[in-house]
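Next up: a single chain in structure tokens, the form predicted on its own.
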Amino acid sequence: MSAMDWASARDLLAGRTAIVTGAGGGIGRGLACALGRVGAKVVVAVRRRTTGEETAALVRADGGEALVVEADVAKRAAIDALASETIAAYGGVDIVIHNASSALSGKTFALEDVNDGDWDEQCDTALAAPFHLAQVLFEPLRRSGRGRFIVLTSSQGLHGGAMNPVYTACKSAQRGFVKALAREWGPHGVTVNAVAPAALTDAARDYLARDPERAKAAAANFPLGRMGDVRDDIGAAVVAMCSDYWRYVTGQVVNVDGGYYTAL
């Protein structure tokens, strides 16, 4: 696998401000680092400041600029504060990426075991958060002239999944929200898209390391032979979507998965 050539894209998003929710680890951290590498000023939105500072340190180590904002994006008041702090620091917002997910999203639930609290927690983060982000940040994105609104979703929202019916329902709803918002915001010059990634997060790496045979079998299902790196594969794709090269693409759900779901 050849290395990602970040040097050639160093200033691709220079002068733009990007908010990334759930950027304290995993895919969100990879997105923040990728955006910082191409010149964006990255607002690291996290529930715990300690994880946010770790991400910000990585962004800065690569020469990027980062601001940590502690925000539980499942709450509207936190999103209002996130927007205010970002605009106070940088004067505007060009890119909003909703990556945050509930801690319950990775757990297995049978439908009969789901209670109202489980439902609300996942829906608040997966659906209420992008809804409020869109309401609060539409005007800054419109004023940007090249606004980008991206939601991290999942292929489970299309093919279904037996692990967690609430997660699957939320991911399907995200697809509809993105498509509807793309139609509404298109006349204002703001693109709205979603990404369905297959990423080798730390959790996935640890899981596969415990069972080398399972890891080998899993890799065989990817035409490119591997899961994606959170920065150099998933992050790079999102950088491209945020750039002027993707200015005529909106209302799409992009599978960044190494070809795993070629039928979706």
Partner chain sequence: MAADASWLHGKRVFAVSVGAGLADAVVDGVADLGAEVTRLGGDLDLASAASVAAGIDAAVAAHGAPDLVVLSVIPTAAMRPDAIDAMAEADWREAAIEGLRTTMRLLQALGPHMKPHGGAIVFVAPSLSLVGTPRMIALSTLLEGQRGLMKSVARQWGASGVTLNWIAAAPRALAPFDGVALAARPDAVTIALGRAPDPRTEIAPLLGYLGGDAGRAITGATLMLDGGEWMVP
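Values in this document were obtained by computation on a predicted structure and should not be read as measured data. Numbering follows the first chain given and starts at 1.
Although not depicted, the form predicted in complex with the partner chain is the subject of the following passage.
Engineer: Counting only non-hydrogen atoms and a 4.5 Å threshold, tell me whether 58, 65 and 207 all contact the partner chain in the predicted bound form.
Structural biologist: Negative, none of the three is within 4.5 Å.
Engineer: Under a 4.5 angstroms heavy atom criterion, identify the one residue in 176, 145, 91, 106 near the partner chain in the predicted bound form.
Structural biologist: None of the other options qualify; the answer is 176.
Engineer: Give a yes/no on whether residue 123 approaches the partner chain to within 4.5 Å in the predicted bound form, heavy atoms considered.
Structural biologist: Yes, residue 123 is a contact residue.
Engineer: Residue-level contact is defined here as any heavy atom of the residue lying within 4.5 Å of the partner chain in the predicted bound form; does residue 163 satisfy this criterion?
Structural biologist: It does: once the partner chain is placed as it appears in the predicted bound form, residue 163 has a heavy atom within 4.5 Å of it.
Engineer: Determine whether any heavy atom of residue 157 comes within 4.5 Å of a heavy atom of the partner chain in the predicted bound form, and answer yes or no.
Structural biologist: Yes, contact at 4.5 Å.
Engineer: Taking any heavy atom pair closer than or equal to 4.5 Å as contact, tell me whether residue 128 reaches the partner chain in the predicted bound form.
Structural biologist: Judged by the heavy-atom cut-off of 4.5 Å, residue 128 is in contact with the partner chain in the predicted bound form.
Engineer: Sequence order please: the residues of 166-197 with a heavy atom within 4.5 Å of the partner chain in the predicted bound form.
Structural biologist: If the 4.5 Å heavy-atom criterion is applied to the partner chain in the predicted bound form, 166-197 yields 166, 168, 169, 172, 173, 175, 176, 177, 179, 180, 181, 183, 184, 185.
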